[in-house]
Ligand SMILES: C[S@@+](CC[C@H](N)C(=O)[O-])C[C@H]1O[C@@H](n2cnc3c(N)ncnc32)[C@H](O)[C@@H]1O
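Starting off, we have a lone chain in the form predicted alone, written out as structure tokens.
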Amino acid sequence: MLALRVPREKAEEARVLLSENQILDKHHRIRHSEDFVEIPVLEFPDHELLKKFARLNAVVIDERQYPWRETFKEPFRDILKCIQIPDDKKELLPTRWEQLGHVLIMKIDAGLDDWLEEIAGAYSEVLGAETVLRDVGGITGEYREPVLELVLGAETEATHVENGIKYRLDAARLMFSSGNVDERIRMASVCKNAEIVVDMFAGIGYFTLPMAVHSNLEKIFAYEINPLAHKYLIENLKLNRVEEVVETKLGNCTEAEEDVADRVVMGYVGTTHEFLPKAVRILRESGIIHYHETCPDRLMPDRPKGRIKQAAKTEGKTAEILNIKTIKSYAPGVSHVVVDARIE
């Protein structure tokens, strides 16, 4: 099977190039080793793309098979066979969903209300779910809580497994976005040995866990203001046997100790920019910030870059933008992006 073998520090840049050129194989798992990352590809890159990869010290290999990524199964045809509803209603059926362990979360059009029970039953049977939750209000509030309606089943506490990590959560009360999977995987390999990291918005461990499990860190200080998310964060550290690496803090990250970290993670969106000066102060003399923002496409990349540079300047430092990446579409004309910046 074809794959691109690239040094770990250049892996994200290579993945973006593959995706932009539409030859990234999203159906097979990326393979990580100590020095290299192997990214499955759909076809051999053309001459111009090969030249770009050469500058990254990346090579195309055909040495092994890569495991199938279960999250990219396409069972919709099987679902259609199980549902007996009028043909003119079938176009309203959801083609996207979140599955967290045995819990299925999806938006169901109001035009399908008369067949709600049958639809939930068909999706749960084909996808191997026991509980179905209907997304009726998106994400809301300071704690970014999902607004969901129970359609089928009863147990909403689930364990989601991803990249060798177990995430335990109450899917009816806490969010988990599969659209952020590539960023969670990336965070597993960005840290250097013996770093001290502060995760300002840890949640249930979205980024703390990949760093703690897959990196050799001295310490992670994980701040979370939501008591329920903090409870699951502690549980997940034990579940993944990394509780000795991570010290959790229930409270606002504005209370975080300063001048302590080599790296700061800001994996929250909404008002994240308001916390940038604090993030700069949390760092030692120099360090890396991973800053998340939802930004109108027309303001990209100037606004997120400018906000980091201004925060650094306010604190008497400078910011070098290392990387900016679009994680996913957040809303029409708005993207969820992450910026990596070195502060000195």
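All of these numbers come straight from a predicted model, not from anything done at the bench. Numbering starts at 1 and follows the sequence shown.
This protein has a second form, the form predicted together with the named molecule, left out of what is shown; the following refers to that one.
Although the named molecule is omitted here, in the model of the complex all of M175, I225 and A229 have a heavy atom within 4.5 Å of it. Only one of L104, L209, M200, I220 comes within 4.5 Å of the named molecule in the model of the complex through a heavy atom, and that residue is M200. This chain is displayed alone, yet in the model of the complex one of M187, A122, A129, C253 has a heavy atom within 4.5 Å of the named molecule; that residue is C253.
None of 110 to 118, 143 to 151, 80 to 88, 189 to 197 except one has non-hydrogen atoms within 4.5 angstroms of the named molecule in the model of the complex; the exception is 143 to 151. In the model of the complex, the named molecule sits within 4.5 Å of a heavy atom of N180.
At a distance threshold of 4.5 angstroms between non-hydrogen atoms, Y268 is in contact with the named molecule in the model of the complex. In the model of the complex, the named molecule sits within 4.5 Å of a heavy atom of F275. Applying a 4.5 Å heavy atom cutoff to the named molecule in the model of the complex picks out no residue from 91 to 111.
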